[in-house]
Structure formats: C-alpha cells, structure tokens
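Below sits a lone chain in structure tokens, taken as the form predicted on its own.
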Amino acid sequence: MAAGFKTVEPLEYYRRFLKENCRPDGRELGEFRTTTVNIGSIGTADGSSLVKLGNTTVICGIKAEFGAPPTDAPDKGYVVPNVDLSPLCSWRFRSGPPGEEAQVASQFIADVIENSQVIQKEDLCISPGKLAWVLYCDLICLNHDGNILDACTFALLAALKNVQLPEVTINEETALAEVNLKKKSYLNIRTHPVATSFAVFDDTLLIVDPTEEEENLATGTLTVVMDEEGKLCCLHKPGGSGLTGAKLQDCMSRAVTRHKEVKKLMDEVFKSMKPK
C-alpha cells in the first residue's frame, strides 16, 4: 500500500515523513548518510581516493604532467578538474560529451579550488616561464544517489592530500628536465574545503545530504563550502526557492559542524595509513 502511494503521490508521501521530522530512509532532517573514504585506490595515479556518501560513490584520480606555465602567470602551474557522470552511475545520463549537470559540477569544483586556495598554483611551478606541473583531476561518479557535489569535493581533497610529486630540476647545459623518482614530496595543502548540501522542501523546510529522489522533489538546493577557519569558500544555489538570511545562516552553521566531522574522518584515515 505504502509503495503504491509513494509511486502515485511521491511528494505527499515525503511530506508525511517530514511532518514527523524524519525521512523515509530513517534519517532525521539534519542527519548525513554514512560517509567513508579510501585513499590510494588507483595504483596508476599520482594521487587517488574513493568516497562513499550513502550510495553515492565517487572516485578521484590525479595525474601530474609537465606543461608550460601560462604566459600571463609564468610562476604558476595548473589544476584541471573534470567530473564525469556516465550512464554507469545513473539511467539519467547518456554516453558522449558531458551533459549540463557534469559541466556544472566541473565548474563548481574549479571554483572551489580557486576560491579556497586549497593549493597555491605557485607551488606547482618548477621553473618560472619554462616548466610547471599540470594536475589533471578526474572525478568519476560510479553511483549517483544525490549530493554529488559534496562527494566530489571530499574525493578531490582526499586525492590531493595523497599526491606525491618527484623532485624535478632543470639541467642548465641541456635545458632539459631531470626527474628524481626516488625523492618525492606531498603537495602543500593550505586549506581543507568541505561542501555541505541542503535541499529545500515547500520553500521553507531544510534537509541535509539529500538523496537523488529528494533532490528531484525539492523546490531548491544549496551547497555551502567552508574551510577549517569557518570562512565561506563557495556558495552554489542553482535557482529554486529563495532563502531568508536566518535560513542561510543556519546552513552555514551546519556546514561548520560538518567540516569538523569530515576533517576528523580524513585525519583518521591518513593517520592509519602512515607507517608506524
């Protein structure tokens, strides 16, 4: 009976749960799904991670290559993110060029990198005007069950912390790069941006970490990115219901709490991987 009602009137079905301050999957309105992270998942990448947020699963692989620094910034390298939403992760996506949602997600990740200064591009310069590192960050969604932006942001941060780059020097006589694979160093991660997403129901009710079904029924969504100092790095709101100042402040407060949870989880994972 309940399954039939959910099929015919999905929004009303959800409203009956929301009135009791809970959701059909058993979570409270402010409760996140179980979050896990695995580091170094791809042996052929220079840095990688696998993040699961409930059923939503994203894997991030980073490859480092040489490139010429930009002419307008000869002392900087590049960070090139790309989010791939293939038919593998959801029936909604098709093969071929990236769709609108994938392009929006890629731009969001690029904005987070730029605004948070998670790594300074000057750190990627090997020889000013001659050689710099280019970090290609491929984020592939394996299972899309909502809240893809939180999962992608977490996967990117974890993969960046896993990257080790070899020492590179320029031979003055030959002007060629010499790579010392025996001497590698981690990237200098300057901030730890964490995304927290919300769905708005009936223009007033806020729920965190929405599933795909909840995103489809919601009247709006909002993603807040904060760093460890409580600074706002990015705010993403693609249309939908407007939010009052008080509601927005509530979202930012919850995002600060979520940052502490994610940072603690990531620290524990990296600590467990260090040789004793």
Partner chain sequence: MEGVMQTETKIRAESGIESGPRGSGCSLRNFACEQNLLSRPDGSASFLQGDTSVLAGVYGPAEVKVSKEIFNKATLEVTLRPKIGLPGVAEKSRERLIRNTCEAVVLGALHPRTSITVVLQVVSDAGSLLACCLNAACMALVDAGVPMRALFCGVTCALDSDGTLLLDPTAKQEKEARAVLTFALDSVERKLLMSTTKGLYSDAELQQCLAAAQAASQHVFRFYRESLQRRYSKS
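Bear in mind the structure is a predicted one, so any value in this text is a computation, not a measurement. Residue numbers count along the first chain shown, from 1.
Another form exists, predicted in complex with the partner chain; not displayed. Remarks below refer to it.
Contact check for G245: a heavy atom falls within 4.5 Å of the partner chain in the predicted bound form. With a 4.5 Å cutoff on heavy atoms, A64 does not count as touching the partner chain in the predicted bound form; it lies far away. Proximity of D227 to the partner chain in the predicted bound form falls within the 4.5 Å heavy atom cutoff. Although the partner is absent from this view, E101 contacts the partner chain in the predicted bound form, with a non-hydrogen atom inside 4.5 angstroms.
The stretch from 38 to 46, 24 to 32, 227 to 235, 51 to 59 that comes within 4.5 Å of the partner chain in the predicted bound form, counting heavy atoms only, is 227 to 235. Residue in contact with the partner chain in the predicted bound form (any heavy atom within 4.5 Å), chosen from S185, N180, Q107, N171: Q107.
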